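What follows is a pair of forms of the same protein chain, given separately as C-alpha cells and numbered structure 1 and structure 2.
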Structure 1
Amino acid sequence: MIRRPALLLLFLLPVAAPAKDSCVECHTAMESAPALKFSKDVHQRRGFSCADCHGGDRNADDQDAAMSKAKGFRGKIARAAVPQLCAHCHSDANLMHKYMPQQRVDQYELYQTSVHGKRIASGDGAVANCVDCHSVHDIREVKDPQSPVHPLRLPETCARCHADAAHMAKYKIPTNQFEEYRKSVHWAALAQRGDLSAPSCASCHGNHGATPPQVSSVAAVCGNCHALVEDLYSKSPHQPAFAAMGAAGCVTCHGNHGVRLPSSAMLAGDKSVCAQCHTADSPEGKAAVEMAGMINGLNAALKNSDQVLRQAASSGMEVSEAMLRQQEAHATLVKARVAVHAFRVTAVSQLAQSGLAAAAETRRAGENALKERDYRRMGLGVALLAILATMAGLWLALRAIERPPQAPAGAGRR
C-alpha cells in the first residue's frame, strides 16, 4: 500500500545520479534531513551512498526489500559503533588508495589511543566520535572552509562540547579553554591574519589521537613551531629545574590556551612571572630585571630612531637606506626577546648591544638628514638674498635710467 505513492514519486523525480539509488530518491522525496544534506557530502561525490553505511539495498524499489535485515540493513548507527563503521573503509589501505592515495589510514588506530577513544571503549557514548567533529551526512574535506574541522572552524567545533559546563561536569575538566584560546596570540594569527598554519586545538593536542600533552612534553610540543626558543630553553637551567618540580615547561610562564603576546613585563614589575619562584632581590630576580631593562632600552631606542627617521622622511629627505638598517635593528629586538629563554644575561646583552648600536646609527642618519634639510634651507635663504639684492639693484638701475631727465636729480626721493 505504501509502495505505490513512492513509486509514483519515483517517476516524477528527474533521475540525476547515474547509478540507481532508491534510498536517496525516497528520502529526498520525504524531505528527510540526512538525504537532503547528503548531496554536499564528499562520499556522495565519490559514488558512495546511504547503504554503504546503513546497509540495505539501494537497487530495490520496494521499501521493505530495500531496508530488509536480510540485506544487512542497520538503520540508525549507535554512537559507540560509529568509529568502527568509519574505520571499515578508512583503515583499509587498499580501498582508500583508490580514492585518496595520500590519505593516512591510521585514524582509527590513533582514535583508540585518544581520551575519546578510550572512554568510548569503556562504554561512554557521550564522548566525541568521528561524526561529532566531521559532521554527518554532509561530511566535507578538511581543506573545505565549510568543514567543521577546517582550521578556522575547529576551535568552535571542539568548544561545542568542551565549553559546555553541563557536558563536561562528569569529567571534572575545565571549560574555559575556548574562551581563553580566543584571547590568544595564536587565534589572532589564525583568524585576523588568516595564517592557516597558526595553531588551533589539534595542532597541540593531536586530532584523532587527541590527548593533552604530558607535562614533560610541553616544550617539545611548542618547539614544533618555536624551534629556536625550545632549543634555548632545553639548554637552560630551567629545563632540569622545571622537570624536577614537575612544572610543565613553556606553560609555566606563558599559560596554555590563552597564550598572549609576551612582553618584558613578564620579566620585571608586578606582573613578573619570574616572581612566582624568584624573589626580586635574589640574583635570578635581579637578572630578570636586567634583561627586561635591556629589552625595554632597545625598544625605546628603536622607537626614538623610528620617530627621527619618520620626521626626516616626511620633510622630503631620502633615508631609505637607514630605514632598511632600522628593519635589521628591529629584527635584533625580536632575537633579543627570543634570547631571554636562555636565561643568561649575556645572551640578551650581546643582541641588545648590537641592536642599540644599529639604532644609534639609524638615529644619527636621521638626524644628519634633518641637519642636511636645515642646511639646504639655509643655503636657499642665502641664494634668495643674493637674488633679491640683484633684483633690487636692477629695479634701482631701471629707475635711474628711466627717470624723466627734466626732474631734479634725487629730489625728495631715494
Structure 2
Amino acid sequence: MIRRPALLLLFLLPVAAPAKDSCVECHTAMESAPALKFSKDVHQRRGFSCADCHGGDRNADDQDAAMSKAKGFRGKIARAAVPQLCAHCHSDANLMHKYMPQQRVDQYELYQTSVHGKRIASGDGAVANCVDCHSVHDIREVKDPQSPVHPLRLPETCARCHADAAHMAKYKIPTNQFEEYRKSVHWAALAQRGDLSAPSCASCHGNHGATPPQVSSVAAVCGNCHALVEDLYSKSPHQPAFAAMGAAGCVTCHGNHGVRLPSSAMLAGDKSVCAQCHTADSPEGKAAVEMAGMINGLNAALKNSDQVLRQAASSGMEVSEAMLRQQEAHATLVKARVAVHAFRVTAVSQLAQSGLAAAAETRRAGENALKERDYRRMGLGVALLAILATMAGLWLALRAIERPPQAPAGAGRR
C-alpha cells in the first residue's frame, strides 16, 4: 500500500509535455487546411508528424531551419512519388508491427501490379494513388465510418474517378459502373441492409492490386462468395460452351456491376436470359420453362402454407414444429434456385418435389390446427350457452323463492 507522502510525490512528478511540432504549430496558426485536418489523422494519433512525410526538422522554431534541405525537407510530394513514400513505412514489417501487427505490408507490391500502378509507372499522373483513395492529411482507419475506404463509402470513392466522363475519356472505358452498381442486389445488401460483408468494388477487383477480372477468372471471382454455384456451373454444359465462345458465364446471365435479384423470370417469360441463346421450342428452352414452372409452383405452395400457419399461430394454436419444418421447405426452395446452375431438370425436380411434400405437410398441420381451433370455439360456445341457461334457471328459481306466498282463495270470507 502506498503511504501518503509517497502518494503526494506522484502528483508532484512532472507531466511529460507533448512532443514539439513546429510544423503543426505554425501551420495551425496560419489556419492552413492540411494542419487543421491533421488532428483527425491516424498518423497524428500514432505520433507521426508532417516531417515524417515532407522531411525537415519538427523541433526547429526558425522556418529556414525547419524547412532545411539538409534536414531532408522535400516539400510537396510529386504524385508519382506518393506510393513509394507511403511504402517507406507501410512496407516495413518491423515498424508496422509496433502499430498495427495485423496489417499487410505488401500493399506497394500489389499496387505495382495493378492497372493504376502500371500506369503511374509509365508516367500517367492522372491515375489513382494512395492519397486519392485514403485522403491526404486526414487519413482514417478503414473501420472508421468517415474513412473514404470504409465499406459503405468505398463505391463512392471509386466513382469519383470512374464515374467522371471527362477524367475517364482518354481511357475509353465506361463510366456507368457506379450507377449500375446502385441498382444491384449487392448495393441493396450493403447500403440498405448495412451488410458490410456485401461485395463492393474491391471485393471483385481487389484494392491495392486492382485489376479487371479476366473472362477466364470471372467465375472464380464470383465463386469467392457463391462457392456452391461455382461448383455447379463448372460441371454444367454451359461452362465449356461459354469458354469456347470466350464469354464469362456469370456476367452473361447476371451482368457485372448491375447484378439484379435472381428470379424464375430469368428462365422463362419476357425477361428470360435463356432466350438470348435458346429458342422457346428448343430442348434447352423447354427445359428452362420446365424448371421455372417447378420453382414457381414450389414458391406458390410455400406462400399458401405460410398463410395458413400464420393464421393458426395468430389464433394461439401450437404450430411451432410445423413452422420449423416450413423453414426447411423454404431452404429447399433456395437450393432449387441454386440447382438451376447445373442446368439439369432432374436436379431442380428432386428438390422441388421434396419442397412440395414439405409444404403440403405443413399446410395440413396448419389446417388441422385451424380445425382444432374451430372445434374448441364451438365447444366453448356450447359451454357458454349451458352456463347461461343454468344461470337463467337459477335466476328464475331465486325469483320463485323470493316471491311472497299468495293467500288461499276465499281465506278472507265468512
Partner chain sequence: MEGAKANTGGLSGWLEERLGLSAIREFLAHKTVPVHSGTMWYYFGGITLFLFVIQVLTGILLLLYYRPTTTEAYESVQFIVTRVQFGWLVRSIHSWSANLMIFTAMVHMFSVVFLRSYRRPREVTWLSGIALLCLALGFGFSGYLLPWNTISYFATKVGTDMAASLPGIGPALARFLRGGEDVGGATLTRFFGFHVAVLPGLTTVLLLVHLILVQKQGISSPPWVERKFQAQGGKAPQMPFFPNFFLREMMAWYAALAVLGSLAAIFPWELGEKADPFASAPAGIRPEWYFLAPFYTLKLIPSHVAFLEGELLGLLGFGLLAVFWILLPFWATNRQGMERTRLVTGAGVALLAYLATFSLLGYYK
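Values in this document were obtained by computation on a predicted structure and should not be read as measured data. Between two forms, the rigid core is defined as the largest C-alpha subset superposing within 1.5 Å. One-based numbering along structure 1's sequence throughout.
Only structure 2 is derived from the form predicted alone. Two rigid parts of the chain rotate against each other between structures 1 and 2, and of 388, 198, 154, 354 the one at the hinge is 354.
Note on conformational change between structures 1 and 2: the chain splits into two rigid parts whose relative rotation, smaller against larger from C-alpha fits, is 9 degrees.
On the core-superposed pair, the CA position of residue 375 changes by 3.6 Å between structures 1 and 2.
In the rigid-core superposition between structures 1 and 2, residue position residue 395 carries a C-alpha shift of 8.1 Å.
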